[in-house]
Ligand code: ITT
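There is one chain below, alone, in structure tokens, taken in the form predicted on its own.
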Amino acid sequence: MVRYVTSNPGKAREAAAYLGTDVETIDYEYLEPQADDLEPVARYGARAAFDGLSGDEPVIVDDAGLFIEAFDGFPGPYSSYVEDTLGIELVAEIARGATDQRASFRAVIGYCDGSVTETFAGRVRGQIVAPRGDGGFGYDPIFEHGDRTFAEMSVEEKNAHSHRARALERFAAWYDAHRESD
């Protein structure tokens, strides 16, 4: 059993598919540090959640962001704040005014079991476009991978390509090996 600190049950279902074990969704608030990189945020979050929750089951958290090449990776770890402050339409408009619309979604899974704290990163490349599609959430309507935005893909299709899926793949391989060595 792994506890996933998220309020999104879809993330837990996705993690369970990669891990081949039960994944419990835990809604737990902790003070998230600000950093210019996702890795220390996820590492801190995993440790804080493990320490703050009762029990000895391992926990995972994730941190993710949109990294726009023309802006040296901004908004990156500040993606949620920028989305809430400016909105995705304005972010797309500003990015499309730059000479380079390349971007990537990045995710880092943080894991803690009390004695081990690890992180696992995933990235998917694409470009910023005018908003399209009705699915997904956040920046999905302005992030095009291949010939469609994440918002134009089904949940299953997006999960097969997503930054979180790539981080979960890396985590699942490590987790399987870690469980076997115990």
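What we label the rigid core is the largest C-alpha set whose atoms superpose within 1.5 Å from one form to the other. A residue's number is simply how far along the shown sequence it sits, counting from 1. The structure displayed is predicted, hence computed values, not measured ones.
Another form, the form predicted in complex with the named molecule, is not on view; read the next lines as being about it.
Chemist: Could you work out which of E32, E69, D113, E39 is the residue within 4.5 angstroms of the named molecule in the predicted bound form, going by heavy atoms?
Modeler: Filtering the options by heavy-atom distance leaves E32.
Chemist: Each of K11, D63 and Y139 near the named molecule in the predicted bound form, meaning some heavy atom within 4.5 Å?
Modeler: Judged in the predicted bound form, K11, D63 and Y139 all sit within 4.5 Å of the named molecule.
Chemist: Is S80 one of the residues lying within 4.5 Å of the named molecule in the predicted bound form, judged by heavy atom distances?
Modeler: S80: yes, in contact with the named molecule in the predicted bound form.
Chemist: Does anything in 152-170 come within 4.5 Å of the named molecule in the predicted bound form by heavy atoms, and if so which residues, in order?
Modeler: Heavy-atom contacts within 4.5 Å come from K158, H163, R164.
Chemist: Superpose on the rigid core, then tell me if the C-alpha of A12 is displaced by 2 angstroms or more between this form and the one not shown.
Modeler: Yes, its C-alpha moves 2 Å or more.
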